[in-house]
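The form predicted alone is given below as one chain in C-alpha cells.
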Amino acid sequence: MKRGVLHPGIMDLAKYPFLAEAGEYLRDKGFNLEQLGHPDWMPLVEKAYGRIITASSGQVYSSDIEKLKDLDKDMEILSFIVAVILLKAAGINTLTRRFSLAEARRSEKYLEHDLGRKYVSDKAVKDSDFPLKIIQELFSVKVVVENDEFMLSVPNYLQRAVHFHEKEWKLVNRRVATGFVHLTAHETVRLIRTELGQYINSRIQSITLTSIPDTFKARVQDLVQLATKFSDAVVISSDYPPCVKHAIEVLEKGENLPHSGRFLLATYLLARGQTTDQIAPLFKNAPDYNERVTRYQLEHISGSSGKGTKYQCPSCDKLRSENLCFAIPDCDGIINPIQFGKKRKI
C-alpha cells in the first residue's frame, strides 16, 4: 500500500488498526516496545491477550469506539499492535489465522457502516471515500458509486463471488449493467472479507521480532498452551476424492476454507452416512470456528432443521467452476464426487 494515500484520522485507525499508518501514528505519539514493556502497561497486555482469546473462540472483539476519548482510541490501536506482537512471538499459525479473520470481520462491520453513509454532492467531502480507498488500495478493487449503489466490474465480482454457494451470489441473479454488478454496502464488503483476513495475516507474518519485553512472555506461553486445543490431527480416508481430501487438509492446517468448500465437505460426508456429531469436529481448526454456528449449518444442510430440505453434493462441473476440483486419473468418468471409487457405466 502506498504511504500517504489514505490519510486516516485517529477514529479511522481505531476502526482499521491493521493499516500501516497505525504504526506510524503510534511512533509519532512516542510509543515504543520498550515503553510498553513497563509493568504499568500490563492492563494493555491483558487487553491485547483478551482480544486474541475472543478471536480464538470464533467471536469478534468489539468496543464502542464512537464514544471513546482520543487517549482510549490510542489504547484500541495499541491493543491490536500488542496482540500482533504476542501472536508473532508465539508463532502459532492457527491462532494467527483465527485472529486475522476475526479482525477482518470486525473491520467489515465498520466498512459496511462507513460505506452506507449517504453520499452528498460530488463537490462535497464524502463520508464513504475512506473505506472505498481502503478497498481500492489494499485489494486493487475499484468500487464505483452511483445513486447510493455500489458497483464492481464483472471480472472483479466473479473472482470473489465464485466462493459463495448461495443463489443470490450467482451472476444471473444479480443486476448487471454496462459491465458492472450492482451491490449493497453489505455485499460489497462481504466480498472482500477473505482477502482482508489474508492481508492482516500477511502483515503479522511479515513482522520481524528480535526480542519482546519480559512482561509479554507469560501471555505468549499461555497462547502456546491454548493452541494445543486446535492441534488434533484429522484422519483423511484414502477413499475420499481429491477435492474432499483438499478441503480437509486446508482445515487441518488452520487455513480458511471458502464457503463453497465447506458446503462440499459437509454434503459429501453426509451423503456417505456420517452424522453431524462426526462431521463438526473437522471444522474446529477453521479460523472462524464457532461450534454452535457450525452445528446449526450442518443440521440445515442435512435437512434436519428448517424446512427439511436436504442439500446434495455439488457436481464435478460445479466444483471446477469454483476452483475446488483437483482431479486425478481415478476421477475419470465420474460427474459427482460421490461416485469416486465406484465404477460408472458411460
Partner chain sequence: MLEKDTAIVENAIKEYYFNHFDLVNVPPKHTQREFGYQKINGGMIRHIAIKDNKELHLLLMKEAPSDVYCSNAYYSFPNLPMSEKDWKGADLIFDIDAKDLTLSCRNDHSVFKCGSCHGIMPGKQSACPKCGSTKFDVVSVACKNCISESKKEVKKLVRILGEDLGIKKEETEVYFSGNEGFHIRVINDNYEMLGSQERADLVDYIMFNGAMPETFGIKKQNNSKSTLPEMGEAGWKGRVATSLFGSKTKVPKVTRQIISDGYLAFQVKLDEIRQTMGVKVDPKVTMDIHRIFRLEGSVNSKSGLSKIQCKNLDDFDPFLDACLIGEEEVNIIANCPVLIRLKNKKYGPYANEQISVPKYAAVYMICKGLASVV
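Basically, rigid core = biggest C-alpha set you can superpose within 1.5 Å across the two forms. A quick note: this is a predicted structure, and the numbers were derived from the prediction, not measured. Numbering follows the first chain given and starts at 1.
There is another form of this protein, the form predicted in complex with its partner chain, and it is not shown here; the text below is about that form.
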Open item on the list: Within 4.5 Å, heavy atoms only: does residue 205 come near its partner chain in the model of the complex?
Closed with: no
TODO: Spell out, yes or no, whether the shortest heavy atom distance between residue 162 and its partner chain in the model of the complex is within 4.5 Å.
DONE: yes
Open item on the list: Since only the chain is shown here, I'm wondering whether residue 176 would be in contact with its partner chain in the model of the complex (any heavy atom pair within 4.5 Å).
Closed with: yes
Task: Any non-hydrogen atom of residue 158 within 4.5 angstroms of its partner chain in the model of the complex - done: yes
Open item on the list: Considering non-hydrogen atoms and a 4.5 Å limit, which listed residue (239, 146, 214, 168) is close to its partner chain in the model of the complex?
Closed with: 168
Open item on the list: Just to confirm, with a 4.5 Å cut-off on non-hydrogen atoms, which of 154, 75, 226, 138 contacts its partner chain in the model of the complex?
Closed with: 154
- [ ] Pick the stretch from 34-42, 317-325, 65-73, 47-55 whose residues have a heavy atom within 4.5 Å of its partner chain in the model of the complex.
- [x] 317-325
Open item on the list: If I superpose the two forms on their rigid core, does the C-alpha of residue 246 end up displaced by 2 Å or more between this form and the one not shown?
Closed with: yes
Open item on the list: When the rigid core is used for the superposition, does residue 20 move between this form and the one not shown (threshold: C-alpha shift of 2 Å or more)?
Closed with: no
Open item on the list: Taking the cut-off of 3 Å or more as given, in which direction does the distance between the C-alpha atoms of residue 187 and residue 246 change in the model of the complex, closer or farther?
Closed with: closer
Task: Pair residue 246/residue 192, Cα separation in the model of the complex versus the displayed form, closer or farther by 3 angstroms or more - done: closer
